[in-house]
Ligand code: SAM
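Okay, so here's just one chain, in structure tokens, the form predicted on its own.
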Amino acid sequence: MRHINSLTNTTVKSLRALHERKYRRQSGLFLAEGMRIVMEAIDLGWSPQHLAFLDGRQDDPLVGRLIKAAAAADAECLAVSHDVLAKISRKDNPQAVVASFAETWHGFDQVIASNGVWVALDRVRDPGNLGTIMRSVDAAGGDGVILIGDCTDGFSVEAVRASMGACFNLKLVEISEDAFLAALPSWYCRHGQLIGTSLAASVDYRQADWAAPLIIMMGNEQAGLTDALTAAATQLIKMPMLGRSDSLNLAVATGIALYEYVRHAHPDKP
């Protein structure tokens, strides 16, 4: 265990840099903040690379459990001052614990082999939306999230925070639109369905065929799905808009679609 009070410490600078996507990709690491999220990751078998905690909290039973688990994984345990923790987290009032983990990405072959449900997101920009969607996918018993094209990072601090740890229980796939479209014939051959959302669709989401294996494809927050992705869908659905609004928040719409899948796939669940 190392005690660090210096804001210019090399390790502190490296951890702070993980707020930037390019440094996450260079190092292969990302940050998770908060005792609950870090504990969730460890309980799910993720091994931290670093564990930074507020010096003086070592005797807290939960912090002690995290330190023991991190040490068992050969993680670097850092007892740091409040100012150092604030620098790492970029918050004036930081969580008591911050940990780094190695990013884990999966290939589209994991989707092809699946018999469950995935959410595919086309050019999602908002990390809060992405994290909330990951949380909903996990709650609905989904397999994972497919990030198509130029998406926000699934391992950004904001996305991990908004997922409330769900990112550790899901598979994340990054793929270009061209590669996604090229892989779809293998998905169709397994009788997999691809449901897309469109304002121009004629099928109410409650009338769709929600049988798995299934990919639920959701479009960019402003522009919706591209023409090519829309054309690739085996079903296009819409959600009724009864007021003046002509669209729903992406995370809200995804949650509605996921639980319509749950309603059909698990009718025994109250």
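These numbers come from a predicted model, not from an experiment. Start at 1 and count along the sequence shown; that's the residue number.
The next section is about a form of this same protein that is not shown, the form predicted together with S-adenosylmethionine (SAM).
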For this session: Could you work out which of 211, 228, 239, 62 is the residue within 4.5 angstroms of S-adenosylmethionine (SAM) in the predicted bound form, going by heavy atoms?
Result: 239
Problem set entry | Answer option from 32, 215, 218, 42, heavy atom within 4.5 Å of S-adenosylmethionine (SAM) in the predicted bound form | 218
Exercise. For this chain shown on its own, do 198, 247 and 253 all sit within 4.5 Å of S-adenosylmethionine (SAM) in the predicted bound form, going by heavy atoms?
Worked result: yes
Seminar exercise, completed: With a 4.5 Å heavy atom cut-off to S-adenosylmethionine (SAM) in the predicted bound form, the contacting stretch among 51 to 59, 64 to 72, 22 to 30, 198 to 206 is 198 to 206
For this session: Taking only heavy atoms into account, state which residues of 222 to 237 are within 4.5 Å of S-adenosylmethionine (SAM) in the predicted bound form, ordered by sequence.
Result: 222, 223, 224, 225, 237
